[in-house]
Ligand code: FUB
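Here you get one chain, nothing else, as structure tokens; it is the form predicted alone.
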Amino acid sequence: MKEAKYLVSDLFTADPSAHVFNNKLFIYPSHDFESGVAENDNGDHFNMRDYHAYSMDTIDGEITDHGVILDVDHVDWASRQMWDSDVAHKNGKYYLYFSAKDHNDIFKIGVAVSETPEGPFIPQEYPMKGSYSIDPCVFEEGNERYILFGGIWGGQLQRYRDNKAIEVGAEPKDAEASLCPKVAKLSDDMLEFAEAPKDLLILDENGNPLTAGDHDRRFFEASWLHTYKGKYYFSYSTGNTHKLCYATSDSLYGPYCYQGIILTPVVGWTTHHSICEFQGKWYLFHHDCVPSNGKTWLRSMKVVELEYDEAGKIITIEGT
């Protein structure tokens, strides 16, 4: 197994979303900084306020920082905590999807638009109608684009059922089906949902939904979707057990069957990632907190080659 390498040393960067645009590798991380907010289960110490774009001509080459592509001060509806983001391309434009808290401290998903993958990105006046929670990921299939999202605890997914806010948000009981990530087709203009978000169901080896008490396998946050040899691979973080796992399906909407662990725990509380094919090889982009001496809110993104066995199973990578 190849050794992971850090990509940026002058900023703390996390939650990297990687894509190939114009034959270059572009990476869109969140930007950690020391804000002085105390740690808590709501994640208030992850108090990020802007996004940078990075690009590379080769995986071993230099990385270029294109600077700030969006700042919270540029988004009228947002107040703080610009968490994970992703970028998609359609109709000659680039669309940045980002999670941020509004002025009522409720997470929404916003969209910002650019003519180039380097940005800067111009935000829409309002968040996406009906959006909630965190961690947007956009998947391309033909001329359609699909958005996946959701995260529990500080990500607020437990506050919703059937796309509606509930009065008292809570996770299901341990024996009940776990909360699901959400998936929806995007409108042709890329600015709204084209349909109501649906549950992306993850099943165990017996065909039963993963339960809320199955912390080693159930979804927590950090949706990512890619295809390999005709199958859909949905990967995600288990959160409080600190693993990156994956499930596969023959259908984009699922259901998905749990397959195993991509990345074992790293130094730091969160595990968040993307998977991208670049110049004939597959790579896992993720982060850990080794450079900040274990400060969970000051993370550094890194990359490692990702490999499959002959049956298409992802070979587990050992975390730091």
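For clarity, every value in this text was computed on a predicted model and none was experimentally measured. Quick note: we count residues from 1 along the sequence shown, nothing fancier.
Missing here is the form predicted together with beta-L-arabinofuranose (FUB); even so, the following discussion is about that form.
- Proximity of residue 26 to beta-L-arabinofuranose (FUB) in the model of the complex: non-hydrogen atoms within 4.5 Å are absent; the residue sits far from the partner.
- Remark: residue 46 counts among the residues lining beta-L-arabinofuranose (FUB) in the model of the complex, judged by a heavy atom distance of 4.5 Å or less.
- beta-L-arabinofuranose (FUB) is not shown here, and in the model of the complex it never comes within 4.5 Å of any heavy atom of residue 202.
- Using a 4.5 angstroms threshold between heavy atoms, residue 96 stays clear of beta-L-arabinofuranose (FUB) in the model of the complex.
- Of the candidate stretches 203 to 211, 127 to 135, 244 to 252, 165 to 173, only 127 to 135 contains residues with a heavy atom within 4.5 Å of beta-L-arabinofuranose (FUB) in the model of the complex.
- Here the marked residues 30, 83 and 222 all reach beta-L-arabinofuranose (FUB) in the model of the complex, each with a heavy atom within 4.5 angstroms.
- Residues of 179 to 205 placing a heavy atom within 4.5 Å of beta-L-arabinofuranose (FUB) in the model of the complex: none.
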